[in-house]
Every structure is written in C-alpha cells, then in structure tokens.
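Below sits a lone chain in structure tokens, taken as the form predicted alone.
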Amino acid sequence: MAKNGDKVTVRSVSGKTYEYIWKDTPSSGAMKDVYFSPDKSYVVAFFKDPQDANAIDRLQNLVGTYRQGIFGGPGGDYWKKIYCWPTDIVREGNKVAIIVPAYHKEFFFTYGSKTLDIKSGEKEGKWFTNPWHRYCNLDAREVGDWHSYFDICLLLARGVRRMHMAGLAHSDLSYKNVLVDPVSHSAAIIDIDGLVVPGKYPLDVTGTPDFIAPEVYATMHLPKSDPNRKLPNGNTDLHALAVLIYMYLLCRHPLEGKKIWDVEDEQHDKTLAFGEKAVFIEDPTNKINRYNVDWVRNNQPKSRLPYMLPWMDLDKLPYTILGPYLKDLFDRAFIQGLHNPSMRPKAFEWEDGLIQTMDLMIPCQNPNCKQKWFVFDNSASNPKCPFCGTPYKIPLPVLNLYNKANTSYKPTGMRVMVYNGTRLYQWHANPRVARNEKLTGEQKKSLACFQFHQGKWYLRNERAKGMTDLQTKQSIPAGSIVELKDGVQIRLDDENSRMIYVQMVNK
C-alpha cells in the first residue's frame, strides 16, 4: 500500500510508463481523483466509478482517433493551447485512469485575493463572470481589461467550433470546465473525457446549472430512455457557449431575472426560469424577466452593490454596447433560439462575430478607466466610453471593407475602427484568408498601421505590394504614408484584394 509522498509507477494500455505521487487526500472532483506526476507536467486521473465497455471504448477513441484528427491535422499545435485533452489510458484491475497534460502555469492565480485563500488555485471561469468576484475579491493584477474577455470568448468559440466539426459535443460546457487567464488573454477547455458523440457515446452528466439548455432543464424529470427527454448535444453546447460569452462580457446571467415562477419551491422556480419558462432578461418584446436598478438594490447585499450594480444596470450597460454583430447573435441565441435549438448561432458564427466586433473596439481615452476599451457605436455623433462616460475628443476614421466584384467593389458589412496603433492584416485585405488557427507566420505580419499626428490621421504601408489610391490611381509603395480623409478609397494589396472606404466620424 502506497504511503503519502510515495512515487507510484503505472503502465498504460499503449505500453508507456507513467509515474505519479501518491497522496492520501488527492485532488478530487465529482468523477475523478487526480495525482500529479513528479515534475507536474501531467496528471493521472482515476475514475471513482468502474467504467463499462462503452466508456472504455469512448476513452480509447478520445486518446486515439479523435485526438489524432484534431491535433494531427493543419494547425494541430494550436489546439494544445485550448484543450486539456487526454493522451493515454491506464487500467489497474477494475480501476481506470487517464493521462492528462497539466494545466499551463498561467491558469493558476499568481496574486490571488486579499480576502480569499486562492493563491495558486485554478482560474476557473466563475471568478471572472461575477463582478463581485472579478472586481472585489480578485487582486486587480489578475483581472485584465474588457478586451481580455473578447479574446477569451474568441478562443472558446474556436474550441467549440473545432469539437463540433469533429462530430463531438462537450455536454458540460460551463465556467467550471473552462480555465481562463485575462492577463495573457488565454483560455482552456477541460474535462474533455466526458465528450458526447451523438448516437454512439451518451452523456455522463446532465450539465452544470446556469448553463443547461432550456430543453434539457424542461425534460430532466423524464427517464433517460424516454424519447421526449432532451439530452446534451451540439445544440446544448451552443446555448452554454452563448451564456458563457454573455457572462464574460457583461458579468450577469442572461436568464436570471426578476420573474418568480414558483414562490413556494425555489428549486422548481429555477427549473422553470432556466427551462420551460426561460426568458432573456433583455428581450425587447417580453420584459417580464427584466429588472431595474431598484430591484437590484433590493435583491443584492448592500456591500456588493458598488461592484454588482454597474453591470446589472440594464439601461446603462445594455447588451447593445457589444455592437451590432454580437447583438444580433444574442438575439438569435436568447430570443429566437432559446426554445428552438436549431436557430441558435453556430460556434463559427460567434467566432466571426467576435472578430468583427474586436475590429470595432477603440481604447478609452481615460487612463483610469478599468475596462480601457469599448465598442464604437457607428450611430453615435459623440462616442463615449459606456463604462466611465469619457467622450472621444478626436476625429475617428472608420474603414469600410469592400470586396472586389468583377470591375467594381461591393460592401462586406465589415468595418475597422482606427486608433493609434491599429493594424491591418492579410485577413482584412484578402477575402480568402480567415483569421483562425491555420494562419501562417507570414499571414500574421501586419500590412499597414495607423498614426494620429498633428491633428491628422495617416496610414503607413508596411509591406503590401499592390496598395493603391483608387481615386488618384497612385501607388502607395511599402514604407510610404498617406493621409486618411473622408471618402478616400484604398486598395489594400493586389488587384483582387479588398478596398477600404474611409469614413471620418466625430469630426
């Protein structure tokens, strides 16, 4: 019998040898006991319950076919940053364990909290989706700024998109199964071993409350064998993904509003509020679940109001501050698709929407603004930061992107806001290049940058070979600059590249 601190050696089904340090009280979750390797580069996670033949077959496919399909293809190394994916299986008698890479060091708190003992603890997403935790309990050096959370959401959308492309569903996507680091703008999806393959590998768990899709909540009382019982699948992942994105960006739950459906049974009330009766708190046509500031004051502890209220003021910080692309996606997720799963935005649509929205972000001009960034509202005559109220005091160029269509150009609906330091890349210039995991090193190099100097805006061509002013027909060679004025039309690269049409706002 191993003693506390002993080094234990095990052999996997692939024939490899692994070591772990025995602990009398290992790290323990709902389903597994976890032991670290001596160098802490991986863990050996033993399932608490026996695994049947179907579970073993799923694990073998996870560490074999499915893993090879994702990590062995183009851009495979990219996914090592986003997934904590099992690599091998250990069987000892009736005990089964999986070998999983250890979390990267950025997913452990460096400074932790002044009030809570969480230093060196895991950065579960829950610490960053609640404003009380994010802005009161956490050390400010752990929090990042608003742009951090857009980058985190982009990684999550990308990770879910890749799983779904492989025919897999996470089945329990939530802030407990996502690690994030706003400082390095990183995210990782964990607990991969519970992946669902519809029609082949059923779910192990129903999901985490707050992230369970309404159709699953509404039928949880039925036996799993009942054909009317709705089980986790790709569409339920899409609900959970939308909830996560909403919570990371707005620090509130999209369905947790003022409406009480059962005053006598709290659990039944939640089942209705997140299931059969679910209503988006910001639904413009059904305000039954919408709360106001007075309701927040009466339902939150007074000590928490300074942190909770700014984010729970639906008039001051409505979801429309996220810009038109995400607004439309949330309408589809929480209005049209809330009770109609097939209408929910796919993960790749969230990916595209986040990328386009980040092109609309500009830095707040208040150096003391905690969020530091906001999404430009193209309809605003006097744009200002929604968080601190600081107005933008200088002219702003908006670059409207147009695609080449035979001998003319057609609008794409995409725009890029210009601020000091804005850069354009291949994915802006070339409609055939997507900003995803397949980008080459060459495609990641900027084509052009922008600078505000003595009251004027300038574009500097850094490396584009065919950049041209389409009005004057003058070439803009690499290394040269051109002033941005209202109505200027610039082809960004070769003859088939996109054109930017410059619109000066806030003049």
Partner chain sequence: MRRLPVYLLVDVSGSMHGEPIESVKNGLQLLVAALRKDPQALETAYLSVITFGSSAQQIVPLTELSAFNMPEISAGGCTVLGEALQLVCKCRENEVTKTTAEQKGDWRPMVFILTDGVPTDDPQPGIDKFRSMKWGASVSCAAGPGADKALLDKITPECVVELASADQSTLSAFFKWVTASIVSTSKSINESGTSTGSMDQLPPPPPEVQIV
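Numbering follows the first chain given and starts at 1. These numbers come from a predicted model, not from an experiment.
The form predicted in complex with its partner chain is left out here; the points below concern that form.
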query: Candidate site R252, S342 and C385: all three near its partner chain in the model of the complex by heavy atom within 4.5 Å; finding: no
query: 4.5 angstroms heavy atom contact with its partner chain in the model of the complex for Q267; finding: yes
query: Contact flag, N137 vs its partner chain in the model of the complex, heavy atom cut 4.5 Å; finding: yes
query: 4.5 Å heavy atom contact, N366 and its partner chain in the model of the complex; finding: no
query: In the model of the complex, P74 touching its partner chain (heavy atom, 4.5 Å); finding: no
query: The unique member of N228, N298, S408, N94 whose heavy atoms fall within 4.5 Å of its partner chain in the model of the complex; finding: N298
query: Single option in V433, V197, V398, L116 placed near its partner chain in the model of the complex, where near means a heavy atom within 4.5 Å; finding: L116
query: Per-stretch contact check against its partner chain in the model of the complex, the hit in 151-159, 325-333, 409-417, 128-136 (non-hydrogen atom, 4.5 angstroms); finding: 128-136
query: Interface residues of 210-224 toward its partner chain, as seen in the model of the complex [heavy atoms, 4.5 Å]; finding: D210, Y217, M220
